[in-house]
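So this first bit is one chain, no partners, the form predicted alone, shown in structure tokens.
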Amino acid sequence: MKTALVCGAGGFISGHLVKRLKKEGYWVRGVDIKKHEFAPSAADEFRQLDLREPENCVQALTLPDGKFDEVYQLAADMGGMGFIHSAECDIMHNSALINIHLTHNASRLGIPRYFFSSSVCVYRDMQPGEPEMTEAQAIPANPDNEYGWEKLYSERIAMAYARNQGMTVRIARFQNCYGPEGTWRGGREKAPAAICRKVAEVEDGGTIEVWGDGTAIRSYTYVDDMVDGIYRLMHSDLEGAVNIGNPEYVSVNELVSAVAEIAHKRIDIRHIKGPVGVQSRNFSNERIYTTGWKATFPLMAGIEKTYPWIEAQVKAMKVASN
């Protein structure tokens, strides 16, 4: 039986990844600073550890007999655009410490295969319709936020250990990811979850607020597709960073329309000032396609699975508050 350590297992994508690894027959240890907010961990063992501390990284990485076959590093201090723009110091400090200590100790303990979750936030701001960027075109670097800069630095850490210490490293640059059992309120939620929540909270014909003018272009990857990409990449021979994303580009206003259609509601938008981020990011998925991976959930299909779950959370909160 293969063994895997999933770091950040109290989070959204990692929680789904643990379930996938269990289906593949792995023995899995999950580690996070917190337990999963919405679902019990599917891991065989869950340890609540602060991975900013090197001794906790050693504890997470150590098995009583032998060593992990694979380590998946998804632990990070992160959230949606509001959090990214308001918590720059926490993001840089906390995530860098996690990656410095975890990568170093994984190599020192002889972990043979190591996965690092990066982000398309490493890319510069782009205009809609610009030619897609390849992974190599992230350098010269010009991310528009500190989250992207930290991810680039941590990519370099992982690649340095791969070159010098013989550890096999796989790096994925995640696109915006959404789905059930993810953060949907509190300031750390991503755009699809935030829009689903806002639509669920208002009556038919109601109005929701959206930051900016709604023309910013994004693409969104459903969590099952993202987890499949992670698994395929980890077991591929692709070195260096690899984009994983759905090549369906939509504006924020179009995202609202998609959620409203699934909710069977007529929704008006009030555009307000707020952190929007880049106008667009267009990037190539050709490298991940070589593994046989392609996104299987178009936006409407993913929202069909996501909106009912968030709507249920909103209704449960209303009941609890009454």
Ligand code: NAD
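The first residue of the sequence shown is number 1, and the count goes up from there. This is a predicted model, so every value here is computed, not measured.
Heads up, the form predicted together with the ligand isn't pictured, but that's what we're talking about next.
Looking at 163 to 171, 135 to 143, 117 to 125, 234 to 242, the stretch with residues near the ligand in the predicted complex, meaning non-hydrogen atoms within 4.5 angstroms, turns out to be 117 to 125. Listed residues Ala76, Ile111, Ala158, Ala193 were compared with the ligand in the predicted complex; Ala76 is the one with a heavy atom within 4.5 Å. The partner is absent here; in the predicted complex, the one residue of Arg266, His271, Lys294, Lys34 having a heavy atom within 4.5 Å of the ligand is Lys34. Although the partner is absent here, Val210 sits far enough away that none of its heavy atoms falls within 4.5 Å of the ligand in the predicted complex.
Within 4.5 Å of some heavy atom of the ligand in the predicted complex lies at least one heavy atom of Ser14. Contact check for Asp50: a non-hydrogen atom falls within 4.5 Å of the ligand in the predicted complex.
At least one heavy atom of Asn176 is located within 4.5 Å of the ligand in the predicted complex. Although the ligand is not shown here, in the predicted complex the stretch 122 to 147 places heavy atoms of just one residue, Tyr147, within 4.5 Å of it.
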